[in-house]
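Each of two forms of one protein chain follows alone as structure tokens, named structure 1 and structure 2.
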Structure 1
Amino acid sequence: MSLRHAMLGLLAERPASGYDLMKRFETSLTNVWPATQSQVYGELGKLAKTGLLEVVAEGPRGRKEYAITAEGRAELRHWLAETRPERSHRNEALLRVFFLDLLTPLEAVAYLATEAERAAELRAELEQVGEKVDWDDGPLSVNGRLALEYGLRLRAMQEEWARWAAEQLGGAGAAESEAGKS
């Protein structure tokens, strides 16, 4: 359901073609809600059919420019203000933490170190996104910077936690090894 709202939100700023929307996804929403070209074009058709978008211009090679309708704005506002975001309760990486005792201490620490490295890589990717975007004072830029900062802080916390957890298990593994020698 959120692809629909992502597209309505992008079109609330200004009309766009499917190609333009793909470019806007790539420079703004791809780290929050990625979408493929087929998904975007399919959703444009659905949104137009339901009256949430309208075709405001047609160009060569079947190019269509879409704009949000009043009904589309009402749906977007309803989604933003009156519904609760769906939160995923599944996290496979964290699920594995519950069973780290089934690995050797070295394997468990290695798993956590890999998770820390992955979080650091993702944070670095987000930092690159922040450097590449041509930020301005428009709402998409202001809100995009807020979302980017969330991602940066989340990845930094995940990295810090994974390193801390590895230390906890590394210390416990060393203590167990020493106890086994006695």
Structure 2
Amino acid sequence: MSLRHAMLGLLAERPASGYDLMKRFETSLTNVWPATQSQVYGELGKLAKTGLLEVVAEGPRGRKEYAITAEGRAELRHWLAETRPERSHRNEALLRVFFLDLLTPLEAVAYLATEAERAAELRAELEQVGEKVDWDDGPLSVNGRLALEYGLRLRAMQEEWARWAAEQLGGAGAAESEAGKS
């Protein structure tokens, strides 16, 4: 149930409307906790009803600005300081690895090579993000820098692993390919 905490966290910095929050989910949080518009509006309603948020202003076009309450801050702190994060970690790309023997060796190597390339691409995208962000833009950007570094290291690791794994199979793949030729 971390969507709730993501929203409380964003609102802890400053009040915002559902629309505002959506934009922040799409930018900074998109890589760690994606959320859809439906989810955000739905959860705003629930959080307001349970007193963790309150509507502090209404603007044009039915705009409702929400702010975190003392109770909301308490819940957020509790989550941050007194609970351990879940590490469920479903990983479709890795699931496929378990079944790679159902492909030909060449196909399997190709899969791993594509994974390596994709990791490199994602890494490059993150580097772009890093260059665009204003690092003097408050605490969220300081923390964002830490999260960004995690992403860079993760993608680097994934690329290296995929190349290593391809090599592990590559022996077999290459051998079979060579055998086919001779």
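Worth saying up front: this structure is predicted, and the values here are computed from it rather than measured. Residue indices: 1-based, along structure 1. Rigid core here is just the name for the largest C-alpha set that superposes within 1.5 Å across the two forms.
*Asks:* Which structure would you label as the form predicted together with another copy of the chain, 1 or 2?
*Replies:* Structure 2, which is the form predicted together with another copy of the chain, differs in this respect from structure 1.
*Asks:* Does R77 show a Cα shift reaching 2 Å between the two structures after rigid-core superposition?
*Replies:* No, R77 moves less than 2 Å.
*Asks:* If I superpose the two forms on their rigid core, does the C-alpha of E58 end up displaced by 2 Å or more between the two structures?
*Replies:* No, its C-alpha moves less than 2 Å.
*Asks:* Once the core is superposed between the two structures, does E86 show a C-alpha displacement of at least 2 Å?
*Replies:* After core superposition, the C-alpha of E86 moves less than 2 Å between the two structures.
*Asks:* Where the core is superposed, what shift in Å does the CA of L102 undergo between the two structures?
*Replies:* With the cores aligned, its C-alpha sits 4.4 Å away.
*Asks:* Give the C-alpha shift of Q128 between the two structures, in Å, after superposing the two forms on their rigid core.
*Replies:* So the C-alpha of Q128 has moved 3.0 Å between the two structures.
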